[in-house]
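Take a look at this single chain, the form predicted on its own, given in structure tokens.
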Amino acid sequence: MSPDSPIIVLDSGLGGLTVVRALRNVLPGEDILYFGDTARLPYGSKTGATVTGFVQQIIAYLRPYDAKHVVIACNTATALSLPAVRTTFPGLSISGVIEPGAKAATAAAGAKQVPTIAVLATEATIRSKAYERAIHRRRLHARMLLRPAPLLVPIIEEGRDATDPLVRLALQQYLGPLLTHHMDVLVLGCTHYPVYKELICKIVGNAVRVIDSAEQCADDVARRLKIRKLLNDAGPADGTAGQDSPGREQPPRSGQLRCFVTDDPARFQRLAPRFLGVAIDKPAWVAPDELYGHAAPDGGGRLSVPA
């Protein structure tokens, strides 16, 4: 791999595009490969073994692109599969979204002796206790409030926006119990949820700091690449910086985004701008059958496929 190698970002569906958006803000010159496992979402109601198998298959499928870093842009997959996936691909730099989110949450709690930190996430992420462990490593005496929100991902994937009465009703139902406990910080523990961040901030009020794990994840990736000297600082894509006219420089190249999905590319393309802020080309379709039993790299044989 080299600084020119791409970054892989993967998720169960559209939500990981919030991480892509944050990455493009922080690292505009980086090429990104995005994989949305739309045929097998949601991950939040599945077992750890199943989610781990899915993530392993996706990374193995994309391994020929020689990525310099992989972002598991799904809180559920990070919580359930990150250690196992790192073991499967020992030569590959892989990170998730939970540690950066936990770090930002504890920082946002400030100097309060016993802050109340709430996490809104999928059922699987809550069951994993990954946020509890990550936050308590940094703030032992933090009071944790954990709230599963199983309806939000399907609602978001349906394309419902923040003006939809059903969206407001669901958010009020999930956030109401947290508000009664006077939380100081709210972590959006799913990369889908930032789509409703503005509405969530209105519901919880200005006194509550809302943490977007997608933004924190992008900063973490930039730090990791800088340490490894793999940031893409290239000029224009055609390599002609400063050659058109003496004393003038061409603007830096813009990184390319290429998307893959396992179901309904046209729908993904239609909904993606809500998460990314810009239109995208039609994604490539990858049939789930192409992923099952995909050969593992580095002599690892076949990836285990959950029964």
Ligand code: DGL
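Numbers follow the displayed sequence, beginning with 1. Nothing here was measured: the structure is a model prediction, and the numbers come from that model.
The same protein has a further form, the form predicted in complex with this ligand, not shown here; the description that follows concerns it.
Of the candidate stretches 41-49, 57-65, 24-32, 269-277, only 41-49 contains residues with a heavy atom within 4.5 Å of this ligand in the model of the complex. In summary, among the residues A218, I211, C190, V119, the only one with a non-hydrogen atom within 4.5 Å of this ligand in the model of the complex is C190. The closest non-hydrogen atom of A104 lies beyond 4.5 Å of this ligand in the model of the complex. In the model of the complex, this ligand lies within 4.5 Å of some heavy atom of V153. Of the residues in 59-75, those that come within 4.5 Å of this ligand in the model of the complex through at least one heavy atom are, in sequence order, C74, N75.
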